[in-house]
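Next comes just one chain, in structure tokens: the form predicted alone.
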Amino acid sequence: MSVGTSRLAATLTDASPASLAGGVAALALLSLAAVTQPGLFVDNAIGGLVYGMQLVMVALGLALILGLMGVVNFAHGALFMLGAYFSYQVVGAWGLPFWVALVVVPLAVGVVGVVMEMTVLRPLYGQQPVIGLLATFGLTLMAEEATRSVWGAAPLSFSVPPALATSTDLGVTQVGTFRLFAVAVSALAVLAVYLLITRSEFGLTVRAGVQDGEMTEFLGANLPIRFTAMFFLGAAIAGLGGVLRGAEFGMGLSMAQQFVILAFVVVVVGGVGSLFGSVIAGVLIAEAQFLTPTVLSSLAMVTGVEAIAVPGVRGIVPYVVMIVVLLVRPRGLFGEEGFLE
């Protein structure tokens, strides 16, 4: 049994009767929406999956850096934003193929992350978390102003390759091919990172360094280089997420703070330090955001009570999910003592 499966089984085993009853009620409401509005349900379910995987890519890097360095990296959203703007520069301004941006931009954002780690964050290791939070918040503001001075404040966009600009027929609805492509790329990236952290010697030495740095270095591991490499990895993942997000919806200055706040919610819901929990929580929150309006409209349709379909409910769903999860499991869905699994 894998680590993730074991944690999922343990979480279900520990669930209270009230939690299980809530889960059954949620499944019943989802089934109602799927039956009454199948096309809208599938469309929103896929939209939630696309959004959820982008959210996971930001939250995963955030969880990695928080778990390894104990730094609350508020600037992680700025790295995500830079991924989107760098891809605009490569594709929209320089006219290079999108596939070049898909490879080069995450590497460039990773280098920016390394510079950030070596110059600003490394001296803050071991300090109070609020100091790191304030420093990275300052970095976010600097990145936003630098972006504004280079690319301006107006929203920007660029075209995706013609092969990805088509639609795919799923029977009950049409879905943009790029959305399916984004899900596949995100899933592969998340799986690669998860395997690197949990199954490789490199990941094992890093996790050992988090638990006992002195002993790990005594055994020959160069922890500063490994931690910097992990920061590069977390920044590159955020950059890749920015490329995919920018290609689908364009880019704007607000995306940095908008996504990093939701990423913090994902990390808290999944359990601080749990990479598996961040993945599950990211998809869960995004699906809840996209499917809740559909469920409420189906319920209003069946009962005839139009007031049930509350407009604008999508914006508060992540925070409602976080409150409910923390009331039931204060450490989050898969949180345990210590940072990394």
Partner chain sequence: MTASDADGSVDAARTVERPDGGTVESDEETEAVVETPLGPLVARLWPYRVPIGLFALVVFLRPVVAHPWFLGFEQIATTMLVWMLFVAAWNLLFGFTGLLSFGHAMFFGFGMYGVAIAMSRLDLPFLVGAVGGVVLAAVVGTLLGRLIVEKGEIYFAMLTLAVGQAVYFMVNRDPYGLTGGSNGLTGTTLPPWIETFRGEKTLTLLPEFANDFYYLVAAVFLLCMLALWQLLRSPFGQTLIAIRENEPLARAMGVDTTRYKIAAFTASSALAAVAGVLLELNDGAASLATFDVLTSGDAVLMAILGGVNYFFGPITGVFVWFGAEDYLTDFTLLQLPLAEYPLVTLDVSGILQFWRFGLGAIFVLVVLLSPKDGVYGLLRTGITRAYHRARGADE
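Residue numbers count along the first chain shown, from 1. Computed from a predicted model, the values in this text were never measured in an experiment.
Another form exists, predicted in complex with its partner chain; not displayed. Remarks below refer to it.
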### Query
in the model of the complex, which of the listed residues (28, 316, 35, 305) lies with a heavy atom within 4.5 Å of its partner chain?
316
### Contact residue in the model of the complex, from 137, 202, 98, 249 (heavy atom within 4.5 Å of its partner chain)
137
### Task
Give a yes or no on whether each residue among 124, 311 and 322 has a heavy atom within 4.5 Å of its partner chain in the model of the complex.
yes
### Task
Would you check, heavy atoms only and a 4.5 Å threshold, whether residue 330 touches its partner chain in the model of the complex?
yes
### Task
Examine residue 257 and determine whether its closest non-hydrogen atom to its partner chain in the model of the complex is within 4.5 angstroms.
yes
### Task
With heavy atoms only and a cut-off of 4.5 Å, decide whether residue 46 touches its partner chain in the model of the complex.
no
### Query
With a 4.5 Å heavy atom cut-off, would you call residue 272 a contact of its partner chain in the model of the complex?
yes
### Query
Which single stretch, out of 76-84, 104-112, 127-135, 170-178, brings residue heavy atoms within 4.5 Å of its partner chain in the model of the complex?
127-135
### Message
Within 4.5 Å of its partner chain in the model of the complex, counting any non-hydrogen atom, which residues from 80-107 show up?
### Response
none
